[in-house]
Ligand SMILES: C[S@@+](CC[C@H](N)C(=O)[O-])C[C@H]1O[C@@H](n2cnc3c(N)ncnc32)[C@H](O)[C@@H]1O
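Below you will find one chain, with nothing else, as structure tokens; this is the form predicted on its own, and questions on how it binds or moves follow later.
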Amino acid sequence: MVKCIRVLKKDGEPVRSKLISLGLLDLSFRIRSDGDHILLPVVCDSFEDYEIIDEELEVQKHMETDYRELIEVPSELKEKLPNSYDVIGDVALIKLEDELLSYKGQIGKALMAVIPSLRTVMLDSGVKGEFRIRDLEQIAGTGTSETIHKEFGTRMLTDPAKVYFNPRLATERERITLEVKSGETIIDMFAGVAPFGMVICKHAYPKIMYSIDLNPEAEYFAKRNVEMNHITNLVIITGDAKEAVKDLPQADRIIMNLPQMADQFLQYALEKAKVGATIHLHKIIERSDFDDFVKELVSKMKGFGYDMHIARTSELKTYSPTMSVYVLDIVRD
């Protein structure tokens, strides 16, 4: 038998919330319906004017949310289990240190156990080649790494084994979308499957957006995404960005998500940027060198004949113990 209070259903939610805030709701048992009332399990002997009664309630089953708690590894390896991983659609990507590779199957199954929506788990051995695709090995589940990722009301077909896609940039895509003004001309120089294009064209009102990528596979996925999201103002281009931009109109906004080397293409972006246009440049930088990098970048572009200033900088994520991925919002003067 469990201690409960009997509450009218219309009062159930506010009373439940109050019990939770006071730490008096017994989370070990499930709330039960009782006609026009509900029975709320409590851990107290009195609560306001409600009578404490004893009733039979079902035990609340708590699902484990930390995959690390489901894995049996030596204690010295426990702390090496990653506390983060990427989920793209119904596919999880996880990186493991060499010492953990013999436990990869167990780790994959544990991830699927705590995330019921997963179809498969892939061991991620890192990005390779000029197309920035991932070296993946299936360690649990079924099917390929091709999946549909949902983000801000859009559906994006992608395959991290064939094309570049970063789910961790969702917040950055939202931020830029909120800055887009109606009628803008936008260029995404390293677009992948066009996630920036999908979110921007779906929720803002650019006149036209050009999505460029060197990887021919990206064109297939981007075109499918245009169809799925009923986008009419996005142009997909396959080719080298510094050459492809030459035939495009002057832009109000340019996105440069190539953190390994985007700064090497900045002069080509500035050539296509209207005065007052914003360029969102992503770059991996040693944290201790950040200020010097910014000064040198401005000086270098001035040497090419382009005046610009950095309107905003933000650290997007940690890349290594000493480096981070930054975004620099550059304004053409």
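From a predicted model like this one, the values you see are computed outputs, not experimental measurements. For every residue, the number given is its place in the sequence shown, counted from 1.
Heads up, the form predicted in complex with this ligand isn't pictured, but that's what we're talking about next.
For a residue to qualify, one of its non-hydrogen atoms must sit within 4.5 Å of this ligand in the predicted bound form; all three of Phe190, Gly239 and Pro259 qualify.
Only one segment in the set 178 to 186, 112 to 120, 81 to 89, 193 to 201 has any non-hydrogen atom within 4.5 angstroms of this ligand in the predicted bound form, and it is 193 to 201.
Of the listed positions (Ser145, Gln106, Asn215, Asn229), a single one reaches within 4.5 angstroms of this ligand by any non-hydrogen atom in the predicted bound form, namely Asn215. When you look in the predicted bound form, the only residue of Phe29, Phe47, Phe290, Phe265 with a non-hydrogen atom within 4.5 Å of this ligand is Phe265.
Shown alone here, Tyr220 lies farther than 4.5 Å from this ligand in the predicted bound form, counting heavy atoms only.
Heavy atoms of Arg253 never reach within 4.5 Å of this ligand in the predicted bound form, leaving it off the interface.
Interface membership of His149, defined by any non-hydrogen atom within 4.5 Å of this ligand in the predicted bound form, is ruled out.
Contact annotation for Glu76: none of its heavy atoms lies within 4.5 Å of this ligand in the predicted bound form. Taking this ligand as it sits in the predicted bound form, the stretch 21 to 37 never comes within 4.5 angstroms of it through any non-hydrogen atom.
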